[in-house]
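This document opens with one chain alone, in C-alpha cells, the form predicted on its own.
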Amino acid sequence: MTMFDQAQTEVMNDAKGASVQTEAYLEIRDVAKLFGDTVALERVNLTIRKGEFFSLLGPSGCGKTTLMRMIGGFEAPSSGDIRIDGSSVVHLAPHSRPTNMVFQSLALFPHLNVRENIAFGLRIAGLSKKEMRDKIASVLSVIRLEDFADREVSALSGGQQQRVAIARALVNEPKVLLLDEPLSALDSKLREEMQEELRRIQKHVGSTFVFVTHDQAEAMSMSDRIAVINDGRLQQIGTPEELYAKPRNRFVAHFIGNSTLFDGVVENGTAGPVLRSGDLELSCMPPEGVSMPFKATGALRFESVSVLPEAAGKGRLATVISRKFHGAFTRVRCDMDGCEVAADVKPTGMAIEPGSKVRLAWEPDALRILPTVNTIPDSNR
C-alpha cells in the first residue's frame, strides 16, 4: 500500500474539512537571509502543521520564494534553523531533504512521456521495476491521468502538464511539497480549475504543501493558513478568514481584499471615539486597552459601504467619480469631503452616474482601526 492509498486514514479533518493535524511539522526558527548588504528576509519565525496547505503570500520581491528555496535547500540561510518533523535540515543538500519542489517553469522533460517523467526520480532512487510500476500507477490515479501514461508531455494541455509536474514531485513521497507559483502561466479559467484540482490532490494524499503566490485571491481560496510577507518581514499569519476580517496592519489590510485606507489620529470626539483624517471625522471603535490619542489607519472594505440616494436621510454626502461594472457588482468611486472612497455595489436598479450626488453608509464596526506600528507576529498565530 502506498502513501496515496493510506493517507486518508493518517490525518485528522479540521472544521473546514481540510486534512490537518495540530503539531508542529515544519519549523522556521529565526531565519534570516542577506545578499551582500541587502536584507532579503529578517528573522522569520513560523510553524507549519502536518498535512496543512500553507501559503506564503506577498508582492514580487518580498522574500517568499527565497524562504521556500531555503526550505528546499537551494539557498542557505544567513542565520537561523529549519526543522522538518523534529530534525534540522539546514545543513542537508536538496536531494537529502524530505522535500520536493514544483517549479514555476514545471521543468518537465519534453522528450519523455508522462510515465517516464514521473519515473525519473524513482530511477535515481534505485527502486525496482515493480516498485516503480506500483507507485506510478498510484500517483497517476491521484492526478486522474491513468489514460495518458504513454502520451508525450508536449501533447498535453497546460493543466495536464501541471498535474504531471505535481505527480513527479509527489511520487517520492516527500514530507513537504514546495510549490513555487506553479499556476502563474495559466489563463484565468484554467488557473481557477487547477486551484481546485491542486487542493483536491493535497487532501487526498495528506502531505504538507507549502505554496508560494503573489495572488491573494489564489491564496485565500486554497489555503488552511497564510503567511503574509512584505519587504522581507513577516506581517501576519492566519486563516484566510482571520486575515480578511482582522488584518493587523496597514499592509495586510491593503493587500488582502480591497479597502479604502484613512491615515490619521484616533481621539475622543463629542459623541465617542473618532478617527480624524484630514478634514474627515469618522466614528470608530478603537481596540480595547489602547490609550487615546494615537496614530492609526482606518480600513474600510469596499463591500462594507452602501451607496444610497441623496435623499436617503442617512450616511455621508458624496459625489460619484466613476463606476466600473464587474458583473456580480459595480465598483463605485466617490469623493467624500476630499477623500476618495470606493464601494462594491450589487445590482439594485439605482442609477449611479459620475457627477451624481449619493450618500455613503456603513456599520460602526466596519471601519477597522489599525495602529500604524508594525510588529513581527508571534509564530503560532
Ligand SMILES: Nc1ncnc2c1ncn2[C@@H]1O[C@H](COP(=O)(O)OP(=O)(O)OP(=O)(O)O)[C@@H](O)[C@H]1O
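It should be emphasised that the depicted structure is a prediction, and the values quoted were computed from it without experimental measurement. Start at 1 and count along the sequence shown; that's the residue number.
Although it is not shown, the form predicted together with this ligand is what the next lines describe.
Enquirer: Report the residue, out of E303, E181, E218, D224, that has at least one non-hydrogen atom within 4.5 angstroms of this ligand in the predicted complex.
Expert: That would be E181.
Enquirer: Sort through 352-360, 330-338, 314-322, 58-66 and report the only stretch with a non-hydrogen atom within 4.5 Å of this ligand in the predicted complex.
Expert: In the other structure, the partner sits against 58-66.
Enquirer: At the 4.5 Å heavy atom threshold, is A40 in contact with this ligand in the predicted complex?
Expert: Taking the distances in the predicted complex, the answer for A40 is yes, it comes within 4.5 Å of this ligand.
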